[in-house]
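First come two forms of one protein chain, each written alone as structure tokens, so that there is a structure 1 and a structure 2.
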Structure 1
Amino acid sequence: MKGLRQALVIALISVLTGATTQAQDATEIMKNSHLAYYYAGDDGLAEVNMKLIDKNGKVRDREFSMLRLDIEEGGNQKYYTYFRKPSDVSRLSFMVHKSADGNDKRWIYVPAVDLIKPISADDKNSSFVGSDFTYEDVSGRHWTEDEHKLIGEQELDGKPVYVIESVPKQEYKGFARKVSYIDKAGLLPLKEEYFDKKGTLVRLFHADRVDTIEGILTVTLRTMEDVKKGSKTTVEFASIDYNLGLTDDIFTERYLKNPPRQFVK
């Protein structure tokens, strides 16, 4: 009888240890994926073309410049975005001070009314300039805000990937469950599926093209699809440059109205 109890205890410890190790592995993969995707280099600049495609196939374009500065690897970051086209959003600018604790701060400058407006934390899941990406998608959701579980390994588009399920630790409007397909080689997210509380797929992300820029693997073409609405948004990055030596003062309200012309055309 004693031998049986010992065997059961050992089996239970083995299961619990295995589950804990798996969770740690999944968290480590998501951390490294987040760093590879959102923290490439110490800073970065890119020219961006965004196409908003509605369910009838009608296309609207957006063109803007994007600057990023990492304050701490895996920690605080700053983003600056300046729109050039079309005319209805020309000179509009957007800034994010991303915080590792999830309390990001966001501002938008609306030139039509010459107003700098803070964006409420509750609006982080709202559409980013009418696209299928949200404000939070621009700077990313920190990996520590979710519980992660490795649920499989498979091939996607000919590449071996980790399949990881993420569930928010606290009530969250953005999704109830997310499934990420992480490239084993470069650790970039190649596909993400977002599900609501009913288990329905509501949004779908896909990395359409990955290039090596200055020795860094970079997703240069990506798509977000709103499954319910039938719309999708593609974002193409060009003229990418890393490690420019950007300074902290660029990411202030002053430059929302007057873009830093040495970096923004």
Structure 2
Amino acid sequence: MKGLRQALVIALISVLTGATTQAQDATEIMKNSHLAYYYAGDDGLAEVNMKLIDKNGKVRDREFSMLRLDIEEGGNQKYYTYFRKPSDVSRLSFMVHKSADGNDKRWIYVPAVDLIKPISADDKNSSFVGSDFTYEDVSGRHWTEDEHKLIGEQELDGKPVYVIESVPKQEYKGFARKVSYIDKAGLLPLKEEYFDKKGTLVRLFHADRVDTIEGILTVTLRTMEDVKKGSKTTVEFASIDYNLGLTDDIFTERYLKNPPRQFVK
């Protein structure tokens, strides 16, 4: 009965959406998915536990707080990260001013030497703190940088999803083709497959747990697998809060040096 209903829905959607509008729809879906995933609320504070698991199963832990402020929906954002673990980077803080034009700025503060250092942020594909997530995975690749095509609709783990193929408009190191499985209900990406130029699957993203936090659907446990290396990284939100009323001044060198203790204990 369920299968029949689903087939009917798919048939209905196929009838209602012509081929020409499909690309637009796909772009619209990706845009809304991007906003739901990277721009939830006006700001947010997450307590993050990250596990880096190498191909031999060896685990490394990262624990940090991450503050985010949206300057404009779908546009500029500011991020502040304060590390607790491992102990050799404890109290280290890190700040990103993400710019929609691609000129991100990054700073690091090393408390042991009281040093603030801007770091060159040319390569968004470099790993975030040694994990299988890249900087871009953390703050998002803008949807306008890729061509999107709806290539199917199906069920994934019991949830109806759009299947969307994205191809970078300009040659891109991160992937040659990406297939996203977007939850129709909440528009969050539940799965992403990244392919290289040869068509080989290189990375695999999976949303393992989705919770409703303060009325906002949130991926609270996610995994990125590096298929080539055989490693994977899980990110779990131990807690998350939205709409804290964060202000612009928190994302400055002042707070990089003196962590905002009302948010970061």
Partner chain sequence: MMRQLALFLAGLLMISAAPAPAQVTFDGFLQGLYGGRLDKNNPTATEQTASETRLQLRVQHTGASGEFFGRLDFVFDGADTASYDWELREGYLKFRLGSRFDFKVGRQVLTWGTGDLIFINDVFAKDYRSFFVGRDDQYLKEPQNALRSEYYSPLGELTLVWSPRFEPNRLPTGDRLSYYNPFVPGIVGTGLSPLYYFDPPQPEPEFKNAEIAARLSRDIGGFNVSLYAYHGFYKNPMGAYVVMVDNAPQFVPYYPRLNVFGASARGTLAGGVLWTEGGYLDSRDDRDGKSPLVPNSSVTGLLGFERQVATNLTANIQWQLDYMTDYDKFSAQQPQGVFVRDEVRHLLTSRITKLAMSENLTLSAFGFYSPTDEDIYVRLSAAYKYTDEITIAAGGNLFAGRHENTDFGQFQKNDNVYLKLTYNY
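Quick note, the numbers are simply positions in structure 1, starting from 1. Remember, predicted model here, so these are calculated numbers, not experimental data. For the two forms, the rigid core is made up of the largest set of C-alpha atoms that agree within 1.5 Å on superposition.
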Worksheet item: Just one of these is the form predicted in complex with the partner chain; is it 1 or 2?
Response: 2
Worksheet item: Taking the rigid core as reference, does the Cα of residue 140 move 2 Å or more between the two structures?
Response: no
Fill in: C-alpha of residue 185 off by 2 Å or more between the two structures on rigid core
no
Discussion item. Taking 2 Å as the cut-off, check whether the CA of residue 129 shifts that much or more between the two structures after a rigid core fit.
Written reply: no
Worksheet entry | Shift in Å of the residue 115 Cα between the two structures [rigid core superposition] | 4.1
